[in-house]
Structures are given as C-alpha cells and as structure tokens.
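The chain that follows stands alone, in the form predicted alone, written as structure tokens.
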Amino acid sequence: MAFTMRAVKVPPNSASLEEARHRVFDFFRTACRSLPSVMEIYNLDDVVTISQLRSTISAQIRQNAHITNPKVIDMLLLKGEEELSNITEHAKQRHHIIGQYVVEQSGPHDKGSTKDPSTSEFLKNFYTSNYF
C-alpha cells in the first residue's frame, strides 16, 4: 500500500441539540479561519473574495437549519469536516472549488431555467424536419 492509514478520531456524539449547535458554530469558525489559506492554495483571488466564500459556507450551513436531531447534525458536521480537510490538504483541484463554491453561489446556468425547451424555434424546426 502506497500510503499509510492515519488514525481517524471520531468525535463523540452531541448529547443535546444545544451542544450540536455549538459544534456547528465551532466548525463555521474553523472553516472561516482556513479561508485565507484556501484562497492562497487555489489562487482564487481573481475569482472570489473571502467574504463571498464565507457567505457561501454560511448558506450551506443554513440549508440544514431545520434539522433538530443531534445525531444527524453530527453526521453532517463530520461530512463538512471531511470536505474542509480535503480542501485544505489540496485534494481537490481549482476548478472543483470554483464549480462547487463560486459558481454555485450565483446559481448554475443549466438548473432552474424557466425556458420551456418545446418553445424554441430551432427545436421545432429540427423536430419537424427529422421525423419521418
């Protein structure tokens, strides 16, 4: 095996919702403190600012604000810590970071399109000319 396995410490489960909430705030602080090094590692200064990345992180955390089960919150925190670890250890490439955290913030171009594909004149002409 080319790599050595590191001892992975699994944090204890949160005893209450309040403890899980504090752990979420600690994770947010840790993620925000790592943003300057992430900006340097991936050379993101020309694409996004630290405050925009911070708002993206907070938006992703707020997507799960409705969850009240501490075990589910702990599982989501573990996934978030793993993602942060992958980013800070340079396990992703620049275009992954831009695609997931910069473009996602402004909204992907292909999702949420309200244009109905059947109303396109080009497609109407294409369908009528290529069907037998």
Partner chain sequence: MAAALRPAILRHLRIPAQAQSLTVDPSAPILSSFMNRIRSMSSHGDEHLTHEEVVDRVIDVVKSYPKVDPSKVTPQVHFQKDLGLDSLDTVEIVMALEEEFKLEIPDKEADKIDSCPLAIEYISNHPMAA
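Keep in mind it's a predicted model, so treat the numbers as computed, not measured. Positions refer to the first chain, counted from 1.
There is also a form predicted in complex with its partner chain; it is not shown, and the following applies to it.
Contact with its partner chain in the model of the complex, defined as any heavy atom within 4.5 Å, is confined among 54-62, 92-100, 40-48, 75-83 to 54-62. Taking the partner from the other structure, its partner chain in the model of the complex has no heavy atom within 4.5 Å of any heavy atom of Lys71. Although the partner is absent from this view, Ile67 stays clear of its partner chain in the model of the complex, with no non-hydrogen atom inside 4.5 angstroms.
In the model of the complex, Lys124 stays away from its partner chain, with no heavy atom inside 4.5 Å. Using a 4.5 Å cut-off on any heavy atom, the residues of 17-37 that reach its partner chain in the model of the complex are, in sequence order, Arg21, His22, Phe25, Asp26, Phe28, Arg29, Cys32, Arg33.
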